[in-house]
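What follows is a pair of forms of the same protein chain, given separately as structure tokens and numbered structure 1 and structure 2.
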Structure 1
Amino acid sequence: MATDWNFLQELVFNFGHQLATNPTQYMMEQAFAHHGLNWRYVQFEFTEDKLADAVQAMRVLGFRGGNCTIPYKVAIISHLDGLGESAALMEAVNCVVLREGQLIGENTDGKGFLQSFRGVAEPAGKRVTLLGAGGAARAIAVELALAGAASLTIVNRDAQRGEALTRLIADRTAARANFVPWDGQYAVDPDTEVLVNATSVGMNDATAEVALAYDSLRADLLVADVIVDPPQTALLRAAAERGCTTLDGLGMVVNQAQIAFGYWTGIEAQPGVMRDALQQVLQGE
């Protein structure tokens, strides 16, 4: 038998819910194959009370790290050994990296979003309204604030979570921040320049509508959505019909995946390989 064969694969994980339709697994494994890496990306679903056990299992089995998505981006922090700078500031983790035997939480969501955002506009000086206050929202809010956004309005149904994110932005960045309770159909403030849906509404459902007064969407707005599947959500379609500039979630996912790939492997991934793989899945090819 040739001596260069290696049948012991390196493993990374993804923890979350509704993973059967999450295309990240295919995208990552196409990138591993492209770069000649004997790695696997394995997805796991479990109830929230099993999170501690799941993290411990990854330690025992020697996983090199992984991702976590809804609903674990905040809850996983207490089960890790430490946090990178951005994850500590955001208090949310979407990427776990094994470094010198320790599991360190990082956050690539916000960086991926910011890179995609800069393809259509510069965040400096912008007045932003953010729908949601979960893990993705926290990452996006912090990165936009650090990039010079003038103000962020946090709109959320859970007042405690929304107010916590508002305090985080106000206390740790130079951006102004205020909280608005999400009660009924939210009407976008006339001063808003950028509207971001950072909730899970629209995931795997092209007809799901965010609780928004759609007649408050103006043609001069930039409307972004973090949903990947489908990339054209009901919100983005409605915004486009009203003349808004729109930004889907594809770029954010590819960008953050490229960053995570580098954390795990030490190799700079080819973003075109990841984007092509993602589009293959979404187009049913």
Structure 2
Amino acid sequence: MATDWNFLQELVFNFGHQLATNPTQYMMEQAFAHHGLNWRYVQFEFTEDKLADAVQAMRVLGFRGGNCTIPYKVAIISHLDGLGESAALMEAVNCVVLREGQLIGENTDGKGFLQSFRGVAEPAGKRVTLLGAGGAARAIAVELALAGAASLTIVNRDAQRGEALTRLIADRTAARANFVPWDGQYAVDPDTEVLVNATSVGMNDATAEVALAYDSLRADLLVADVIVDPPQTALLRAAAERGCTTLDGLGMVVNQAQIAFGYWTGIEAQPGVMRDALQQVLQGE
């Protein structure tokens, strides 16, 4: 037998629910194959009371890290050995990395967004309005603040969630933050330079509209949406019609996967491989 055969794969995991429709598995394995890595991305669904055992199993079996998604992003923290800076601020983990024998929790949601954002604008000094205060909004708010955004206006229906995120940014980062309860059609403040939809409105529905006064969208605004499917949301179409620069959610999800790939393998994934894989999935090829 030739000596370069290796039948012992390196493994990474994904913990969550409803993983059969999660395209990250395909994106990762396409990238492993592209880079000639004998690695596997294995998804595990289990009941929430089994989380401690599942993390212990990953340690025993020598997994190099993994992802975790809803409902484990917060619950996994108490089973890890440490957290990266932004994961600690967000109190949420979506990526676990084995570093010097320790399982460290990171959060790549906001980092993926920021990488996309930097392709069109510099975040430092920006005045941002963020629609939503859930997990994605929290991640984006923290990364924009750490990257030097001047201010964040958090607009959310649920005041408790909105105020909690506003306090997190105001108290623990250098950015200014204020909360606006979302009641009726929201008109974007003329002082805002960047508008981000981080709500789930638009997910799987190209016609779903966020409750926004569209005539408040000025041509000099940068409008970003986190929705992956479909990438061209009603908000982004309306913004483009008004001359705004737009940023879709595809870049965010692909960048997150690329960042995680780099954390685990130490290799920078070639741009395009994961995006092509995701596009294949979205187009049902």
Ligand SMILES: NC(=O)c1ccc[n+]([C@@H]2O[C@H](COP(=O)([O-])OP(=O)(O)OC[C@H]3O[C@@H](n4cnc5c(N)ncnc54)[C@H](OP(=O)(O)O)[C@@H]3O)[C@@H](O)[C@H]2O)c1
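Treat the numbers as computed from the prediction; the structure is a model and nothing was measured. Every residue number counts along structure 1's sequence, beginning with 1. Heads up, when I say rigid core I mean the largest set of C-alphas that superpose within 1.5 Å between the two forms.
Between the two renderings of this chain, the form predicted in complex with the named molecule is found in structure 2; structure 1 comes from elsewhere.
Here the chain acts as two rigid units, and between structures 1 and 2 the smaller unit rotates by 22°.
Once the core of the two forms is superposed, the Cα of Glu45 has moved 7.7 Å between structures 1 and 2. Core-based alignment between structures 1 and 2 gives a C-alpha movement of 2.7 Å at Glu85.
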